[in-house]
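Presented as structure tokens, the chain that follows is alone, the form predicted on its own.
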């Protein structure tokens, strides 16, 4: 080990900038009477999402998972004690290391009772503008996003057409790719790079990409997922939902995730019975969002590598 390997990943100025950002976030929610809550980092269950992999801890023979989000715990708290809450803390995802990813990172997650996804988008914009006052804000439906850039309707386009469009833009072995796989590839390879400057909200995702959001008809009668993603200067920043409250639908989505994991050859992840019990007890109508704090700090400070915002990035721990 060299004598320099003890050094932090970031500068003193970034350490101070992070402290200031945390203070601004807490002031924002204090002024809106949203309560900060402290959620566990270890839990007996993990999310079933096939594209999020766990970091596992062995607690004297009992398997625990470092949490990828405080979502499940926060929803259990909401079912027992309904009120607007937020959490600011560390979360973990395996095999995620790049200029925008670190296996351990900071997430801001909050839930607002009685709000829908559009009302929550407005609050996300208020939060970002509280630290970046001059940022422009744009709103696009998922349909508008694809129609204006690629001339296709993502809600009705069939696999053959998506493949035809995708193959003109992306060189890839597309064996086994689904419609949603092609939509995701078109987003990452074509649409995200063309994002306008500022804060852009994409909303009304395909129903097949609902995750933990409600599915409802839009103004044309098309069933859409009432969720949104926020991008800041082209960088994905936040993911929000008008939250699903139906326990039977949640069970169905857990089962679909588990099948997808098996199809991809991934380890099985059991559905969290405590979350299902909370939904059975009654999750209040609410909207929730998770925001990457390190990425917001990158945008605030003009930093190009997430490691430079962290006291000790993955290669320094």
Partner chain sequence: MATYSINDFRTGLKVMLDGDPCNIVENELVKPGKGQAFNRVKLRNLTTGRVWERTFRSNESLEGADVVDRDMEYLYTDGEFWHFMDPDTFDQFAADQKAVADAAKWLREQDKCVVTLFNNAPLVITPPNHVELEVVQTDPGLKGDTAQGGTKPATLSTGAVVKVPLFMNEGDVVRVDTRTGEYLGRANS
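Please read all numbers here as calculations on a predicted model, not as lab measurements. Residue numbers count along the first chain shown, from 1.
The following text describes the form predicted in complex with the partner chain, which does not appear among the structures shown.
Only one segment in the set 115-123, 153-161, 175-183, 196-204 has residues whose heavy atoms sit within 4.5 Å of the partner chain in the model of the complex; it is 175-183. By the 4.5 Å heavy atom rule, the three marked residues 49, 99 and 241 all count as contacting the partner chain in the model of the complex.
Not displayed here, the partner chain is kept clear of residue 138 by more than 4.5 Å at the level of heavy atoms in the model of the complex. Interface residue remark: residue 129 is not counted as part of the site for the partner chain in the model of the complex, having no heavy atom within 4.5 Å. In the model of the complex, at least one heavy atom of residue 236 sits within 4.5 Å of a heavy atom of the partner chain. The partner chain is not drawn, but in the model of the complex it has no heavy atom within 4.5 Å of residue 75. In terms of contact with the partner chain in the model of the complex, the residue from 211, 147, 223, 84 that brings a heavy atom within 4.5 Å is 211. Applying a 4.5 Å heavy atom cutoff to the partner chain in the model of the complex picks out 227, 229 from 213-229, in order along the sequence.
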